[in-house]
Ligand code: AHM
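To begin, one chain is listed below as structure tokens, in the form predicted on its own.
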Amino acid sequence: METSRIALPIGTALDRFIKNNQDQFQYTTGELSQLLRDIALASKVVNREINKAGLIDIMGAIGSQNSGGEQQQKLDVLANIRFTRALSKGGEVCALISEETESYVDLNNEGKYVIAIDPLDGSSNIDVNVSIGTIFSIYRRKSKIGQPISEQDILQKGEEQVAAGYILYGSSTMLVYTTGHGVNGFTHEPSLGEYFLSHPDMIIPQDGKIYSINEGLSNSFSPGIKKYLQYCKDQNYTARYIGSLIADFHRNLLKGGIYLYPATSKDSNGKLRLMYECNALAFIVEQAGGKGTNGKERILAIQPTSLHQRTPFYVGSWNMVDKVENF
């Protein structure tokens, strides 16, 4: 039975917020609450490394490629290690899906949850001090404890998420997450080393005047997307594209807008990954009153067929995403 969230004031510490709202979970045994704390702890460690990136040799490419064929940055590998270590020691996660590994990682424990994570999205921007982020999705394990991890545990639809969120490492570090009962944002206070509630019950405006897309690829967009971009210009919308998914998404969540990454002639299935990028952000935006789609289908309704499956992605204010679907 669904329970209402306990309203807590701005300035409430993350641990207290989680504890006071624990009874909203369908399975109230404490593991999911602890898992969220583990993610928060790992994010503090990653945040510390990012903040000293210019002082030690952890910037730039490492010389290898990730599962998507992209150049791995040193901080990609570092963040993946930090999150994997924290989630392994916590014991709540039985399997980990990461952008930085080809297959899922079986943690060989009796954990009840599966987590899909992009440890450091937009990490190539670290060299120029631009905001980057971590994205995570949490699913409940379907197989019985003691049985091997199966495909049904790993390849779950986005609508089966029990929680999702992101950490934005920017001018201030923020953790934004949902457990299906609204969206709340927490800002990291560095002198205390703690996250505090700063953005309760986040709601995205139904309309907006910001569109975020890499228009440098416009020659390879479909005619419909080209027409939509012209519509945005005719409406005097503002183009804002940071090149860091979380930073663009976060701005549009607060101010109202749309983020677009359509299929191109090079990436006919889109470029963003369904399991550890799109599902999480679509869950968050829906909980905030917005919409996420691949242009034809609700993102959360897509049945994944592979760990690193790609999809076109349109996410943001409801009316703006609805409009681009019409195009």
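Residue numbers run from 1 along the displayed sequence. Computed from a prediction, not measured in an experiment: that's the story for all the values here.
As for the form predicted in complex with the named molecule, it is not shown, yet the points below apply to it.
- At the 4.5 Å threshold, heavy atoms of residue 156 stay clear of the named molecule in the predicted complex, well away from it.
- Looking at residue 178, you'd find every heavy atom of it more than 4.5 angstroms from the named molecule in the predicted complex.
- Although the partner is absent here, residue 80 is not a contact residue: none of its heavy atoms lies within 4.5 angstroms of the named molecule in the predicted complex.
- Heavy atoms of residue 214 reach within 4.5 Å of the named molecule in the predicted complex, making it an interface residue.
- Proximity to the named molecule in the predicted complex holds for none of 166, 183 and 286, with the criterion being a heavy atom within 4.5 Å.
- Figure note: of the listed segments 185-193, 228-236, 89-97, 244-252, the one touching the named molecule in the predicted complex, with heavy atoms no more than 4.5 Å away, is 244-252.
- Though the named molecule is absent from this view, in the predicted complex it lies within 4.5 Å of a heavy atom of just one residue from 46, 39, 302, 272, which is 272.
- Contacts between stretch 98-125 and the named molecule, counted in the predicted complex as any heavy atom lying within 4.5 Å, involve 99, 118, 121, 122, 123, listed in sequence order.
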